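Take a look at this single chain, the form predicted on its own, given in structure tokens.
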């Protein structure tokens, strides 16, 4: 920690900790209101089917039922209207279609109708009485299958975009784009060693413990009030208004505590439906998803099919790289292939690169972000091949990466040139870490390494700070708190004001009570909302100097402030002393700021993994794991370490066990936490962490977001460790025991395979 800071870099107790550990914190499922009704959503049993008829009469007549809605109750969506709800442009008809299906269902679990009743049991029983005639259609479940000629078409109005140009071709391929830098063909011709491979990753879920929820009241004054657990209250406001054809001023969203999100609680699923039910009944309506609904009806990360090729000289310098990435978007366009293409070779300085990306719709739930969305898939391929390349060249795998590591000035194939980054420093920390040189400690063990990149985002944030007479301040912000950001934001304000972190009292408020604030995602909150808090605190300091000048009858420019002590011409007062007297100097002091920052910096992370592979069962046990990441400046090191550990654990689960296990008719057959195999504490070692600090020069405190890059390297690191332990190269995720055992069997029966 730099000695210039007194708060930044320390580890205060989190502001919301007591409420959360004692159960006082209010989550979405806890919220209630007078006259509350309970909603239930009926979902499609088919992966792909035309809706021929819906009859809700029996459900409507069921005792205790107050309202039933279908897509017919939503305003019509002009087919050509395009909206941007925070995650890129998309047709409004697709947004509404994912809330309640119209005309066709596109995945098992697609919402079709909803019931509001006096209790959740009545609502569910009544919903089962809704009669729907389906014409079942063939389904397609993977990107390669959906791209084939003759594949079942999901959207008759979807025209493929080819290299930036719209075409007349009706296709499941929404978009094919290409990034080119240098001359890849020439580069490969110069290469002396080439490695290449095809890789597949299965659909996985973010795995948050709290299910989706929403309570809505369409009040008699026309305003819609929403209470929910979300990563972005303004996203919910804008999406709900858009779907219901209302001005944004008519929707007020109050974010409640959130029990995990990881990107999956950005899209809107329930809020417009609850609002429609409330409008019909005149009462507030709450909808709470079951775990099966969460798996089948919300956005997982995309499955993917990748082909990657890397060429290098004998001295280890990479001269060319090529990637072909096809990502499953789920039912509607929007696969995370764009970010995947941005990150696939971003860790390396390569002169000749070509990257093709395909956004492909399939009959699965429409995908959502999951912690560095798209980057983990891409790194699994690239970092596995880097390990193969190191073996062919006879080089240490970290030395190979260091020889090619991206630095300040390195240009990515998608265009941007890196400013100051910490890729080299992360690799050096990995090389020097005791884990890397430690003995493996047993047979059938292996060690693997990998690195990963996430570019991070900025986006708008707003903040106000009001000074209290006792010398504390109230900080109001709009970023929902997923991983302790109330405290990391408050600490940045405290640093400017010369206060202790505990003297800044942060509150996350509704959309009426703070300026527009972007989603809590993209590793942006501590960076961007912290920046807003910094600027709002500077505004407070400016005003406090003016108040001190009035009290001391001095010129405002003569007043200085250092670590919360104000001085001028022999006068001196602490922040607390001045705060007690602001009533004598023109009334309250309120600082404010709104930012839309650039210079996000990007973050690199690395993983060192030791595994033990049982050669008879294929079971892989992680025996040691170290995560290394550049935080720029660690505002609260404990929270940074927690993010690194959490992302690593999710990456381990993705690598070894987690997947949507689909049958031939498009149904997920493991849609419970008993069958969807997430790791528990019993499956994991302690996750060691090492924070690297290469300050981001664009941020007042040098912050780089740290929430995402840590999930990128674990699958590849584990794949490389499995190879070191068992001698087999894994090309598909998850690398579960049957997959590893099959690879070992193939190797034993065909050594050249």
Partner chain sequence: MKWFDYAAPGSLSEALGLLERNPGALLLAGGTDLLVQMRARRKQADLLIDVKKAPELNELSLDAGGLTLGASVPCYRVYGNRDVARAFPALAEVAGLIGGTQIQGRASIGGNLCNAAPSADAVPLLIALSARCRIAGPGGEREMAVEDFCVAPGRNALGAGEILVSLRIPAGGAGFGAHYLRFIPRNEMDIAVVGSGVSVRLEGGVVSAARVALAAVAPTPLFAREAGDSLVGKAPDAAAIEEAARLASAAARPISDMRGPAEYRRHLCGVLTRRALTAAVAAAQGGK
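Because the structure is predicted, anything quoted here is derived from the model rather than measured. Residue numbers count along the first chain shown, from 1.
The same protein has a further form, the form predicted in complex with its partner chain, not shown here; the description that follows concerns it.
Residues placing heavy atoms within 4.5 Å of its partner chain in the predicted complex fall in a single listed stretch, namely 665 to 673, out of 636 to 644, 665 to 673, 109 to 117, 451 to 459. Under a 4.5 angstroms non-hydrogen atom cutoff, its partner chain in the predicted complex lacks residue 562 among its neighbouring residues. When contacts are judged by a 4.5 Å heavy atom cut-off, residue 680 counts as touching its partner chain in the predicted complex. Proximity of residue 616 to its partner chain in the predicted complex falls within the 4.5 Å heavy atom cutoff.
In the predicted complex, residue 657 approaches its partner chain with a heavy atom inside 4.5 Å. Contact check for 19, 26 and 731: none of the three has a heavy atom within 4.5 Å of its partner chain in the predicted complex. Just one of 349, 612, 125, 293 comes within 4.5 Å of its partner chain in the predicted complex, counting any heavy atom, and that one is 125.
Site annotation in the predicted complex: the residue of 661, 436, 324, 516 reaching within 4.5 Å of its partner chain with a heavy atom is 661.
With contact defined as any non-hydrogen atom lying within 4.5 angstroms of its partner chain in the predicted complex, the stretch 438 to 465 contains no contacting residue.
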